[in-house]
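Taking the form predicted on its own, here's one chain by itself in C-alpha cells.
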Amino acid sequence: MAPKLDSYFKTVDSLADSFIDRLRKAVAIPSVSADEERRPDVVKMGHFLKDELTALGAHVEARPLGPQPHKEHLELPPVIVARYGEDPKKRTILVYGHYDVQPALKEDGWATEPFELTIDDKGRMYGRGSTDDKGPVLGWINAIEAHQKAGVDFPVNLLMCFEGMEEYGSEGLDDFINAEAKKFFKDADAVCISDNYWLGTEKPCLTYGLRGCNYYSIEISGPGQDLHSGVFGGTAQEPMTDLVRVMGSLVDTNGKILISGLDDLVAPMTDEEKSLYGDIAFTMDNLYESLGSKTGIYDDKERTLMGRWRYPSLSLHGIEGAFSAPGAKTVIPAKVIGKFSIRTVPNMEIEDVDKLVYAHIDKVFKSLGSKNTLKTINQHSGKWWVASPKHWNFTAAAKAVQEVWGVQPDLTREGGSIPVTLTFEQATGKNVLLLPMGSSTDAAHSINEKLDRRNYIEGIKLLGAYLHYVAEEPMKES
C-alpha cells in the first residue's frame, strides 16, 4: 500500500455524508450552459467551486473569457483555475472537469426533480450533473479535504481547470488552454480528466483513445419552391430522390463505409493492440441490453469493441427540409439537406477524409445525370486522440485502481469524442489520462441521470490514490 493511504481511505468513509451533501448543493445549481436564462446559475456554480477550493487553502482564480461568440450580449462563464501546493520537490498534476450541465426538466420524463439530488434504497444518486461532471469535479475537492482531515501530506502539486461551457462546445476554452500552457499550466507533468464512464457497471477502466468526428451536410436543391406531386410529379427532377440515392451510396447495412480510399487511411492493427481486447469485461448481452434488440453487426465481443472504438464508422443522421410529421403530405421538397458523420480513428487526418468524402459524393451525384445542384459542407470536425497505456501516468492509475477496487482496470477506448483531451495534449506536450468515476448506466445527457454512491465515494478514494501513485511512479514515457 502506498504511504498512509489507509488513513486517507478511512477519512473518506467518515466524511461520506458531508461529500454527498456537497454534491447535493452542486446539483441544486441549474448550471445549464445552453440556456441563456440559466447563465447566472452557470456563473454561480463556478463561484461555488471557487469558494469551496478557497476554503481549503487553494489559490483560485475565476478567469473571464469575454463575450460569447454570436451572442455578444452574453458573457462566457469563467474558467476556474486553481493550484493546491507549490512544493518544487513534488510532481505537478493538471486535472480538468466542467461545471455546466445538460438541460433537464421534470416533464422530460424524469422520475425525480432533476436539480434535487435524490438517493434511492440502492444508493443511486439521481440529479442532473451528478455524474457529468459535478461528481468527478467535486471528487478532487473532496480528496483535498480528506487529506487535510486525515493529516496526510498531499502527494503532488495539483493544478485544476474547471470550465462552464463544455456542454455547449467549450467555447473559448481552446484559446485559454493554449495561452496558459506556458503560464498557469507550465509546471504540469501529466494531465488527468475524469469526464467519462466505465464500459460496464462492475469493472473500472482507464481510457487511452477516442474517435474523432467529421460532420457533413449534403444540400441538393432544384425547384424554386416546394411543389405538389400531383401537379409536378413526373415533370421535375426531385432533390429528395437524388439525396436518398447519394446518401445510400455512403455505407452498407453492415456498417461498411463505401467511400473509396477511406480504409487506406486507417492505421493497421498490431498484435499488441489486438491483445488488449480479450480480457475486457464486456459481453454481447451487454450490447443487446443497450440496443434493446439483437441487431448488432458482429457476433463476437472483440470485433464489436473494435467497431465501436478502433475502426471508423459512418452514420446517417437525418434530412432537413423533407416532410417528417405524421400523416400523408404529397409535397416535393425544393431543397433537402442530408446529414451524416464519420467517426475517425488513427491515422485519418481531417483534410484527407474531407477530400475523399467530397470526391465520392461528387462522383455519385454526377452519375445520376441530375439537373439539380449539389453542395457538400463539413459542418465541424474534431480529431481522434490516442495515448500510450504504458505511460507512467497510466501505470500509476492502474495501481490506484487495483488498490481501491481490487482488480486490474480494463484498458479502453471510446467511440465518442472529448475534444479537450487533444487540446491539453497538444498545448502542454504531456500525457493525458482519462480516469472515469461513473459507470455505463449513469445516463449522462439523458433523463434520470445518476451517480452510484459507491462510485462516488470509492471514486474519491481512487482520485486520491492515483495522486499518491503518480507521485512515485518511475517516469518512463511509454
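Note that residue numbering follows the sequence shown and begins at 1. Everything quoted here is computed from the prediction, not taken from an experiment.
Beyond the structure shown, there is the form predicted together with another copy of the chain, which is absent from this document and is the topic of what follows.
Checking 112 to 120, 290 to 298, 71 to 79, 98 to 106 against another copy of the chain in the predicted bound form, the stretch whose residues place heavy atoms within 4.5 Å of it is 290 to 298.
Among residues of the shown chain, N196 is not one whose heavy atoms approach another copy of the chain to within 4.5 Å in the predicted bound form. Although the partner is absent here, T270 sits far enough away that none of its heavy atoms falls within 4.5 Å of another copy of the chain in the predicted bound form. Mapping the unseen interface onto this chain, P333 counts among the residues with a heavy atom inside 4.5 Å of another copy of the chain in the predicted bound form.
Heavy atoms of E202 never reach within 4.5 Å of another copy of the chain in the predicted bound form, leaving it off the interface.
Interface residue among K339, K399, R124, R91 relative to another copy of the chain in the predicted bound form, by the heavy atom within 4.5 Å criterion: K339. None of G230, G169, G151, G261 but one reaches within 4.5 angstroms of another copy of the chain in the predicted bound form through a heavy atom, and that residue is G230.
Shown here without another copy of the chain, the chain has Q237, E238, M240, T241, D242, V244, R245, M247, G248, V251, D252, T253, N254 in 237 to 256 lying with a heavy atom within 4.5 Å of that partner in the predicted bound form.
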